[in-house]
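One chain comes next, on its own, written out as structure tokens in the form predicted on its own.
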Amino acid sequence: MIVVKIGGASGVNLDAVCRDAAELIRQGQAITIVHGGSAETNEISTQLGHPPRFLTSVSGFTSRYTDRETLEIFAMVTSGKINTLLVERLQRYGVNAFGLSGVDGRVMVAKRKDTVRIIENGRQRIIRDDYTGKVEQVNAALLNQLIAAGLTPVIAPLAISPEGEALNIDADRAAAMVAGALKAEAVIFLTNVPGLLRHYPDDTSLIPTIDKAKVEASLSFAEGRMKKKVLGACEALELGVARIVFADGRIDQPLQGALAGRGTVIS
């Protein structure tokens, strides 16, 4: 089993990813997909008159402010449009893909954050109406039933709280949790850059390999969304996943390239 996280930023070649996944599945490789949807959510929420707002935590991580209206837009875009069209593409290439979100069948249970401490205009503030959470439990039994039935799960980044509230979750960290629950041998994070760059956006500063003992140190120079991917990599390693690859999702055969070591390999 490998878990593939398809980034939500613009630029990832979804057709190439799906075609490559289909080829690997034909060769006998089991795959589970987790996807994002940030760029499209930004676009559609702006069109709907509810433009995105982003928060920076005191630890320096950026996340989407998710009030109830934002949550409903996020669900519409990720679980509705993006998930369905990814499944459509995979079906076109012969993969019997099964689309779902973490809300379905309680595939992912997350604890809603009571408060979010942020930095805004140089000052600390507390946000209390944010519908975001951190995944604490993955329904591996249900996912394994789908996989045993010959289906390829394609999971949108929503979870359910113990109280029954839908929550926006970080897809990178969700992919790590899914990988740990499924005892995956690898997680591939597909992005719109060649891998982890020491000096973003300079592609020539690609870091080809990182020892797993030194991954956390990479947070100091990871930029933007890559910080969450590095955090997801740390969590996947802690859950027993042996290999993480940050790979370029814009190229032809991105998954085969990642498995061959193209990108940033953590092991």
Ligand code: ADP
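Residue indices: 1-based, along the sequence shown. This structure is a prediction, so every number in the text was calculated from the model and none was measured.
The same protein has a further form, the form predicted together with this ligand, not shown here; the description that follows concerns it.
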- prompt: Pick from 93-101, 109-117, 68-76, 188-196: which stretch has a heavy atom within 4.5 Å of this ligand in the predicted bound form?
  reply: 188-196
message: Give me the residue from Cys234, Ile31, Met226, Ile210 that has a heavy atom within 4.5 Å of this ligand in the predicted bound form.
response: Met226
- prompt: Does Ala9 make contact with this ligand in the predicted bound form, using a 4.5 Å heavy atom cut-off?
  reply: yes
message: Just checking whether Phe221 would be counted as a contact of this ligand in the predicted bound form - the rule being heavy atoms within 4.5 angstroms.
response: yes
query: Quick one: is Phe61 in contact with this ligand in the predicted bound form, heavy atoms, 4.5 Å cut-off?
result: no
field: Within 4.5 Å of this ligand in the predicted bound form: residues from 230-267 (heavy atom criterion)
entry: none
